[in-house]
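One chain follows as structure tokens, the form predicted alone.
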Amino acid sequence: MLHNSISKPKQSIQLNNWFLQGKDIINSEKRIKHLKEVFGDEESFKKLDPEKVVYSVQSYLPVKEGTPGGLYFGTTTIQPGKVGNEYFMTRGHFHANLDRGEYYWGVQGEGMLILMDKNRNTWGEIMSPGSLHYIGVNIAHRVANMGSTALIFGACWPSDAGHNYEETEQKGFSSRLVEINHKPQLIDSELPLWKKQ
């Protein structure tokens, strides 16, 4: 950067849908076929189109992963839908660097941020346009779409946080968010997903 120079930013956000555009924006998506063993109802999972997009992620990573002191920025869009009575959701993860926090904020739609500590206590926070969520250290996190339209949320996290998907893939979360009597409820993972329907 030249001394006293002035320039326009190389990235921008479309405020109507939080679509990121510009240089070095990374786009990825997760389809049903990428989410084996994430949902509890295997029979219902097998009946879904494996190419159906469950969620997409855009991210801007301005520094190399693992760099101390940097920040990453991203947006996630989760489509509406369920596997059986379990809402579409992200895979969920701990940070590889467990003492790193993160911010999420709601942009569009209705969802739930599902959080789990290292003792496998799980709780949820309602996500809606304008909601702000601080994810503390040592906390696994995932987001579910509870509504009938796309859920969009933003995220900002340290560039040296990393992602540990292995632990949540092997052990799962201790609770699942399911629809029971037309309402979202967190139930223990070992309970049948049709409990109390």
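Throughout, we count residues from 1 along the sequence that is shown. Predicted model only: the values in this text are computed from it and were never measured.
Not on display, but discussed next: the form predicted in complex with a small molecule.
J.: Which of these stretches, 63-71, 125-133, 158-166, 44-52, has heavy atoms within 4.5 Å of the small molecule in the predicted complex?
T.: Correct option: 158-166.
J.: Find out whether any non-hydrogen atom of residue 81 is located within 4.5 angstroms of the small molecule in the predicted complex, and reply yes or no.
T.: No - in the predicted complex, heavy atoms of residue 81 and the small molecule never come within 4.5 Å of each other.
J.: Heavy atoms within 4.5 Å of the small molecule in the predicted complex: does residue 92 have any?
T.: Judged by the heavy-atom cut-off of 4.5 Å, residue 92 is in contact with the small molecule in the predicted complex.
J.: Is the gap between residue 152 and the small molecule in the predicted complex 4.5 Å or less for some heavy atom pair?
T.: No, no contact at 4.5 Å.
J.: May I ask you to check whether residue 32 falls inside a 4.5 Å heavy atom distance of the small molecule in the predicted complex?
T.: Close contact is absent here: in the predicted complex, residue 32 is far from the small molecule, nothing within 4.5 Å, heavy atoms only.
J.: Any chance all of 145, 176 and 187 sit within 4.5 Å of the small molecule in the predicted complex, going by non-hydrogen atoms?
T.: No, because 145, 176 and 187 lack any heavy atom that approaches the small molecule to within 4.5 Å in the predicted complex.
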